[in-house]
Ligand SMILES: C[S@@+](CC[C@H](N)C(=O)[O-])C[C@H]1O[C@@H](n2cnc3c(N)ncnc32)[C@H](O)[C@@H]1O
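Below you will find one chain, with nothing else, as structure tokens; this is the form predicted on its own, and questions on how it binds or moves follow later.
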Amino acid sequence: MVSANPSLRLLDDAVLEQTSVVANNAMNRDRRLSGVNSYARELGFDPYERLVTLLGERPGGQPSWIDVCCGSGRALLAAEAGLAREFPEADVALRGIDLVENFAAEPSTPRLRLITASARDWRPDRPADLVTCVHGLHYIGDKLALIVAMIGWMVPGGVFAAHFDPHSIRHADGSSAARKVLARLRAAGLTYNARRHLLTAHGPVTIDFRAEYLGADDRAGPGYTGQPAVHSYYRGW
């Protein structure tokens, strides 16, 4: 891959996923479903409670939650356990995808599948009511392509929530494309909460960025979380 800055080394996604910044086993390893260090705290809502609400609103329905970059899968495992206790007969689908196979436990019911795969290649077998990506986009190369994919996975009225740093999107010359990408996202109906760094939508949503992905820089340094992150480069806006 090339950029307008000859000193910048950009990696394609296949190479990026082998780097120590991306192929790590620390992300989301201890984050629980609820509590202090939890999905509920990071997202501003409890995914399990969202599923329970859907079960009440749609008796006989099939609520589903897809969690991209799920880490150890602790939040999904907790949701699975809660459903087994409270709704043993309910048809609920839980899917967790992570690049590194380091899950906290094996699923105990067919409801949950923990899948080791690259987020750029994986696609769901059915639309979802809830799609989340908790601090996972920081480690993705083609972030815009994954956002486009995830917001298209929802059922009508579904909820999408993902942490996102717009300044991690860069023009070919290295300058921030935050203003441009946020304008495109908002025009498509997505909402960005700058305090939470949270991108949300009710879907499904379609968007075409019309930008060519050039590659990613794994040496971008710490992001807003204080952890190493990846900058993604595009041209042709």
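So that there is no doubt, residue numbering starts at 1 and follows the sequence shown. Just so you know, these numbers come straight off a predicted model, no measurement behind them.
This next part talks about the form predicted in complex with the ligand, which is not shown.
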Kindly indicate whether 31, 70 and 135 are, all three, within 4.5 angstroms of the ligand in the predicted complex, using heavy atoms. yes
Based on heavy atom distances of 4.5 Å or less, which listed stretch (105-113, 154-162, 138-146, 85-93) is in contact with the ligand in the predicted complex? 138-146
Would residue 78 show up as a contact with the ligand in the predicted complex if we use heavy atoms at 4.5 Å? no
Does at least one non-hydrogen atom of residue 98 fall within 4.5 angstroms of the ligand in the predicted complex? yes
Can any non-hydrogen atom of residue 119 be found within 4.5 angstroms of the ligand in the predicted complex? yes
In the predicted complex, is there a heavy atom of the ligand that lies within 4.5 Å of any heavy atom of residue 17, even though the partner is absent here? yes
